[in-house]
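Given as structure tokens, the chain that follows is alone and in the form predicted alone.
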């Protein structure tokens, strides 16, 4: 029988970006908060010797142990799903700070089109533009309504950037100026302008200058060392929960973090959450933590799986299209890119930062005419300078042999003479793409793993080809000697890294018939349970998701405070 602890006002599952924001905002209001994190404690000092590519980038020091819990995957319902035994297509972080520790820091706002995608698509192109089976829906909130929360997240994190000329209106400039431009970034900007595009500097959580945020947290400027993605930042220059919101929560004396605490069920009775049951991973002891309010801020798969294991909300049924838990799983289309080989120019590709780059949104959202195209939405196109670490990077032209003298000669020749322009294509949900509990495979506790059913659609293949061609147009204008482009997207495969931006499963919306949470991330079916993260996205946009996750977390925090005083559904 589980040991029962004294009741707390709020219990948070997962202490990453969303969990840290919730803890910070609620403790400021005097609420007592317990944060349960299944990984270990992390501090900046952990990364003083972190420029170890083998340890962090290839052996995944900051990631979840797949031998204890993983996911299963299948391309369609006719085949058996198999477990992901080693990392490939995406990475699953754990530990205090979550993915907010090992991210690159690219911090975009989703477009106004994203939040009203179905209404705006039908208005401009008619209902027939949306193919059968595509499950896009409005998010139950507009960009304008969410804008103040984007602004709050950016000020907290000290985002460095310049105004995107094709994005939604802003109430304020970015709190810090854009990062420096490298020679190749200047080449991209010049080429994009010649093509009548609208380049701007990637919004960055790697600080361009020293900054003190509204909570009084001071951080140093980025050193452009090139070790961001898959690494923690030893300078604290990259915004992460450990150096921003968590210290604020701790300072109140109202926040307790319990690490190595693996939440296995949300407990509930009479239509309300009563707390959580978790296992102390250091002792194996089962513990019940009662709470007035439960907030789940895990990664997409964890939030969805916890709802299904706890029997909260109606599971999605792809046969009928009914139910909401597990619905609208989406990924991203990343392979539409272009690689340029320069015979007579060299660039210092080993330096950089996770968010150092320039980009255009001319082919993102509905910023261009889709009337004659066989897809909707689009993607951000960027040239980033994130640091080409030596083990994982060795590009050679397509016609080079894969071994031998010529391979070695080309490896040396192009080590610092290859530039990439990449696209981050959006992903639309389809009726037969979803998450559910695997009937065969279980975790170390004997609980079913989450199962992904997903493949690329014609929408994705058309989008990838289109974005690849646009990347090639810009690369050609930059004066490269030869271009390597994606030709066909092919089926989705889980063994090659593409994007950690999975979304959906516990989606938001305007109605309990089509969504699991309202626009405060409050469960329609359980008013004292809030589920926050990219699991709330009804589709995935052509951007990194963290800026939008942060905005939704700040809005949810406001709603939770309101709920703690008055109760009831907030919408």
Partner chain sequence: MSEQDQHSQQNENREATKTKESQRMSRRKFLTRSGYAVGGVVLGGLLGYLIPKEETKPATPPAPQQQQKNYNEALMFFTQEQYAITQAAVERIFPADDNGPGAKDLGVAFFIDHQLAGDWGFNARDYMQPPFYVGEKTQGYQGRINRREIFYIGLRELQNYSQKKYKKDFPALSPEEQDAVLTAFQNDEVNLTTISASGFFNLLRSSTLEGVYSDPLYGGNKNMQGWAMRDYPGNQMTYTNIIEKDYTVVPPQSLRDHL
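All values derive from a computational prediction rather than experimental measurement. Positions refer to the first chain, counted from 1.
Same protein, other form: the form predicted together with its partner chain, not shown, and the subject of what follows.
Q. Can any non-hydrogen atom of residue 525 be found within 4.5 angstroms of its partner chain in the predicted complex?
A. Heavy-atom contact with its partner chain at 4.5 Å: absent for residue 525.
Q. Is there a heavy atom of residue 223 lying 4.5 Å or less from a heavy atom of its partner chain in the predicted complex?
A. Residue-level check for residue 223: yes, a contact with its partner chain.
Q: Evaluate residue 311 for contact with its partner chain in the predicted complex, applying a 4.5 angstroms cut-off between non-hydrogen atoms, and reply yes or no.
A: Residue 311: no, not in contact with its partner chain in the predicted complex.
Q: Could you confirm whether residue 356 comes within 4.5 Å of its partner chain in the predicted complex, counting heavy atoms only?
A: Yes, residue 356 is a contact residue.
Q: Go through 88, 323, 397, 83 and name the one with a heavy atom inside 4.5 Å of its partner chain in the predicted complex.
A: In short, 83.
(Q) Can you pick out, from 212, 283, 269, 172, the residue that has a heavy atom within 4.5 Å of its partner chain in the predicted complex? (A) The residue from 212, 283, 269, 172 that makes the contact is 212.
Q) Based on heavy atom distances of at most 4.5 Å to its partner chain in the predicted complex, which listed stretch, 126-134, 248-256, 460-468, 74-82, is the contact stretch? A) Looking at the other structure, the answer is 74-82.
Q: Can you tell me which bits of 405-435 touch its partner chain in the predicted complex, meaning any heavy atom within 4.5 Å?
A: The stretch 405-435, when checked against its partner chain in the predicted complex, contributes 405, 407, 408, 409, 412, 415, 416 at the 4.5 Å heavy-atom cut-off.
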